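In structure tokens, the next block holds one chain alone, the form predicted on its own.
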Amino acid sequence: MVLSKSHPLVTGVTSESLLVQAYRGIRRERNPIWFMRQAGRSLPEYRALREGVAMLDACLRPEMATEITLQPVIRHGVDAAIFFSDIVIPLRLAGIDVDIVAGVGPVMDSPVRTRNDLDRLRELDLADLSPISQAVGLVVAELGATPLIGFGGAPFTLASYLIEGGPSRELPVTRALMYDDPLLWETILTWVAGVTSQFLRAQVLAGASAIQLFDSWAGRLTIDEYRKFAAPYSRLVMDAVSDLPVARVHFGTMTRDLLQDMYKVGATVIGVDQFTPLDFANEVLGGQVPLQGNIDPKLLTAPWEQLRSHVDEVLALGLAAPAHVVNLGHGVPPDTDPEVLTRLVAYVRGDS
């Protein structure tokens, strides 16, 4: 698929940005920096804008999603925006009754667990994705040379919400289905991979300069389980967007032992959580893969000298990789002081 002539990677508006260059393995004068969950509850302007509006509704209002996406770029001066949305949006667009419950997370009105439930899994069409394409177009028009990162949820994580009916650390229903009905598992995961692929493609075709695939729950799997029950479906997603000339970042938490396999599904960049040293990640990936990460989010509330020392260590370990995009090892906690993030960006940029 050829990108449109107006795409920021085609016009060159973002192709020479620090982020895109780092994602291609090219080191420049400094490391780019952005934060997972940088657009959200840590910002008072976000809370004010979203007052009285449900999370998923905000994601599907193009003007609101645009403003929220831009807020951290304006406030912090980060080197990339990440599209404000949620990994369950493709499910919502496909007609699944899902909502984000405060303090809980994604909750399904009716989980998908049996063959009788498969009738509810319909495919997406272009009209369904119109709010996404419209919002991305609006964001990109405002960002200029700052690249936008699109994102989606890896099929294992997204399917676990669909099957469990909500967040679950132990994933009991998911695990039972994986082992007891592998054909049903394959059907559900293949469908999830399909709608996520369409969600990602819509973002790229509308102007995103990179994508990130989140697999929040993959770290709960053994290597053998990951290879059998998760990797084939993440590969379906990566294959579905492999014709688009954008970096493909793959990230999960507690995935130290899975990094090689997560890369092999078709990633071009690996995100690293705070529990995995960057030099270790670089070694297991053969020293050939750009890395992203991995400041410990818990230290955002520590005294500045302690946080700065930790950041210096992360930067030093990141020198082992071909290129390093500075980020957190997970998302920005909602109680984070925004001034800390702004100061951190300035420090990494060398402004202070």
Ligand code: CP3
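Because the structure is predicted, anything quoted here is derived from the model rather than measured. All residue numbers are counted from 1 along the displayed sequence.
Form predicted together with ligand CP3: not shown, discussed below.
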item	value
Interface membership of Ala39, ligand CP3 in the predicted bound form, 4.5 Å heavy atom rule	yes
Asp181: touches ligand CP3 in the predicted bound form, heavy atom cutoff 4.5 angstroms	no
Touches ligand CP3 in the predicted bound form: Leu171 (any heavy atom, 4.5 Å)	no
Contact flag, Pro106 vs ligand CP3 in the predicted bound form, heavy atom cut 4.5 Å	yes
In the predicted bound form, the residue from Ala231, Ile82, Ile270, Ala193 that sits within 4.5 Å of ligand CP3 by heavy atoms	Ile82
Contact residue in the predicted bound form, from Thr146, Gln71, Ser216, Thr276 (heavy atom within 4.5 Å of ligand CP3)	Ser216
Three-residue site Arg50, Ile100 and His330 fully in contact with ligand CP3 in the predicted bound form at 4.5 Å by heavy atom	yes
Listed range touching ligand CP3, judged in the predicted bound form by heavy atoms within 4.5 Å, from 233-241, 181-189, 116-124, 83-91	83-91
Heavy atom within 4.5 Å of ligand CP3 in the predicted bound form - qualifying residues of 45-62	Tyr46, Arg50, Met55
